[in-house]
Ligand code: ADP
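Listed next as structure tokens is one chain, alone, in the form predicted alone.
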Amino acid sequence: MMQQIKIFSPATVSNICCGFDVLGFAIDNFGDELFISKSNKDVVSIKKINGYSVPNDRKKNTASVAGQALLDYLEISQGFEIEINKNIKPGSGIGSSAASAVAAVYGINKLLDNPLKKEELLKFAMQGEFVSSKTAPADNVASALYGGIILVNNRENYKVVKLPAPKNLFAIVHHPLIEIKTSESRVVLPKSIKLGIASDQLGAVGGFIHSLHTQDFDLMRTSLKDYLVEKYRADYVPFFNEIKSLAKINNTICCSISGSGPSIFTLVNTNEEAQRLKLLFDRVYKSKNLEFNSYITSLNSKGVHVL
């Protein structure tokens, strides 16, 4: 049986315009790396953290909390040490807390010779996610765990549906290097919504899902609108309105806020268009002297996996 393992867990985009708290996708080739080793202790502990700063207290780190929740459920006293290469900035809107939590439960399950199926791991990763935000939905965790595009039901024990992703569908992701906490960003959201708005959002979700199955990009373009939260968060995300205006001028499929921000994602249906718009949007951030990272990803990217 293996004594140690190295795991990659991807950054993720959540909400996908009309999919507040229920739709997400994984980002290619960018995420956290965790080295997980068996130890002589009987708990999950954090050995070392490289990169962005996150708590090394085992009761406050999303990875150790998630891993411990898994062990407690299995009633296993075997301990594990975790070293984290924290590449995703906390508060980035691209699933920083989720990535580490997913990597921990996935890696520990592997080292225990897979006593649980993948779908059973989600609820333990969510225990780590709750350390970051007690109101966190499962869209980032499910995206990191499954890869590709997911639809998650947060009310029915996190039932996940993996949706088809057209091969020629690409996302451009811009990540300003500032922090917006999910818990704080939810304060600006309305406590209730009108029935008509709920109906519009439901219609948009249905249209988007059908467009994935039919690869109908015109339907996708008309469906991917956020009637619920974008307008409340837009002014808190640096240069979002400027980027969205450019996206509209260039007839993109959609442009919206990932999670609670500050990251922004834009969908297009050719890699060439993604490359062109990435450079265009890069210039906006550079002109404002705001540090940022930017990526192009397919929407068929892998979820968590062994390196």
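This one's a predicted model, so the numbers in the text were calculated from it and none came from an experiment. Quick note: we count residues from 1 along the sequence shown, nothing fancier.
The following text describes the form predicted in complex with ligand ADP, which does not appear among the structures shown.
Residue-level contacts in the predicted complex: of Lys48, Lys248, Lys41, Lys60, one residue has a heavy atom within 4.5 Å of ligand ADP, and it is Lys60. For the options Lys123, Lys162, Lys159, Lys86, the one in contact with ligand ADP in the predicted complex, meaning a heavy atom within 4.5 Å, is Lys86. Taking the partner from elsewhere, Gly93 is found to have a heavy atom lying within 4.5 Å of ligand ADP in the predicted complex. Taking the partner from elsewhere, Val54 is found to have a heavy atom lying within 4.5 Å of ligand ADP in the predicted complex.
With a 4.5 Å cutoff on heavy atoms, Ser223 does not count as touching ligand ADP in the predicted complex; it lies far away. A residue is said to contact a partner when one of its heavy atoms sits within 4.5 Å of a partner heavy atom; Ser143 fails this definition for ligand ADP in the predicted complex, lying far away.
From the list 278 to 286, 265 to 273, 61 to 69, 234 to 242, the contact stretch for ligand ADP in the predicted complex under a 4.5 Å heavy atom rule is 61 to 69.
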